[in-house]
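Given next, in structure tokens, is a single chain: the form predicted on its own.
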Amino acid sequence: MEKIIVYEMESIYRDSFRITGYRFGSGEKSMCVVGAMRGNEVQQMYACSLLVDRMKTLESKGLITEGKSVTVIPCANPYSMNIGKRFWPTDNSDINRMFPGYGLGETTQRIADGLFRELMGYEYGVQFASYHVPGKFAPHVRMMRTGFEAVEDAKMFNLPYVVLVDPRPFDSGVLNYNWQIWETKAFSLYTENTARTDRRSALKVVDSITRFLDKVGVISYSGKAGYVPDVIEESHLVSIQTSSAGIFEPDVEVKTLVSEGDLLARILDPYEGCVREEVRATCDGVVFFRHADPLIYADTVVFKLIPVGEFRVSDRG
């Protein structure tokens, strides 16, 4: 293992800003895995740390293929992570909206530029990502339709779902999109949590990475079989919104199979404790996303369902 400084920026008032990476094996740039890019992505950093530990073991046993290398970057935003702030502390900008970066631009543009110079040239790129609203997901691989998406490769992670997304205009600045444009096969992997660690779901994505690396010949590793994934269009997911604000009290977890009319959650009056609203399933399906924060606004998406007919139930994993 080689510990490297991927990018460094001097600071006037505190220690320098550094992005640290861990390189395993040697030779061609086979895969790069990026963890936390935002200050609340604790689970994403944690999953990367478990992957570093897994790769150290594989390397010590000589199981990395000669001429192949893998780089893991657990955290690309240690300043925000240190204070628990999701975006860049001084101007609230998002590094994952600044790619491919600009070396003479604002701070987060310069960080994105320095980071992306290291990330270019890999055959495969993986980001442990989080959603723009707080919540829990069924573990899945997300890919943008750029014309360079690699759906068959995404299936080799053997997570339950592969989700295809039509990029919106602001997505042109995210890492996944730019990796694809610069001819890296890019995948965003979602675990169940963001701000809190969950070893079980973190190990699922670590297992998925090592399965993938074995299948493409980068390592020799015999692990769990995983799932036969279902490919889903994001536009086919059914969103369920609240009509009231209050305390959010969910009744179901992600991956739960529900029927139309089933009770999914209650919205409680924060002062009086009475039920303001019952949130119910609008179709038969599987809970793909569930809101996480205890307080909720009106007109907020609190669940996303995969409707029946859009998935194939698999009990293997």
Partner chain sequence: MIENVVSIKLPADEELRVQKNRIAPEGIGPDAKRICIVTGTHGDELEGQLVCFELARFIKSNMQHLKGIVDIYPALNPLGIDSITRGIPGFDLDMNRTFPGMRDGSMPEYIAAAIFDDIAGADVCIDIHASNIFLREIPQVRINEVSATELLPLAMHLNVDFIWVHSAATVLESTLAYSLNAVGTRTLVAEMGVGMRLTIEYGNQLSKGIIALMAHLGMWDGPIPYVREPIISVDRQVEYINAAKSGIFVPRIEHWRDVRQGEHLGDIVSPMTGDVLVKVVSPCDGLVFTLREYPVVDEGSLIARILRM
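What you see is a predicted model, and the numbers here were worked out from it, not measured in a lab. Numbering follows the first chain given and starts at 1.
The next section is about a form of this same protein that is not shown, the form predicted in complex with the partner chain.
K.L.:
Given that the partner is absent here, does residue 147 sit within 4.5 Å of the partner chain in the predicted bound form, heavy atoms only?
P.N.:
Residue 147: no, not in contact with the partner chain in the predicted bound form.
K.L.:
Hey, in the predicted bound form, is residue 27 touching the partner chain, heavy atoms inside 4.5 Å?
P.N.:
Because no heavy atom of residue 27 falls inside 4.5 Å of the partner chain in the predicted bound form, the answer is no.
K.L.:
Can you tell me whether residue 74 touches the partner chain? I mean in the predicted bound form, with a 4.5 angstroms heavy atom cut-off.
P.N.:
Outside the cut-off, so no.
K.L.:
Taking heavy atoms and a 4.5 Å cut-off, does residue 110 contact the partner chain in the predicted bound form?
P.N.:
Contact with the partner chain, yes.
K.L.:
Counting any non-hydrogen atom inside 4.5 Å, which residue from 67, 261, 270, 62 sits next to the partner chain in the predicted bound form?
P.N.:
Result of the distance check: 270.
K.L.:
Can you tell me which of 28-36, 280-288, 245-253, 50-58 lies within 4.5 Å of the partner chain in the predicted bound form, counting heavy atoms only?
P.N.:
Answer to the contact question: 245-253.
K.L.:
Would 87, 241 and 298 all count as contacting the partner chain in the predicted bound form, using a 4.5 Å heavy atom cut-off?
P.N.:
Checked in the predicted bound form: all three residues contact the partner chain.
K.L.:
Even though the chain is shown alone, can you say which residues of 1-25 have a heavy atom within 4.5 Å of the partner chain in the predicted bound form?
P.N.:
Those in contact are 7, 9, 10, 11, 12, 13.
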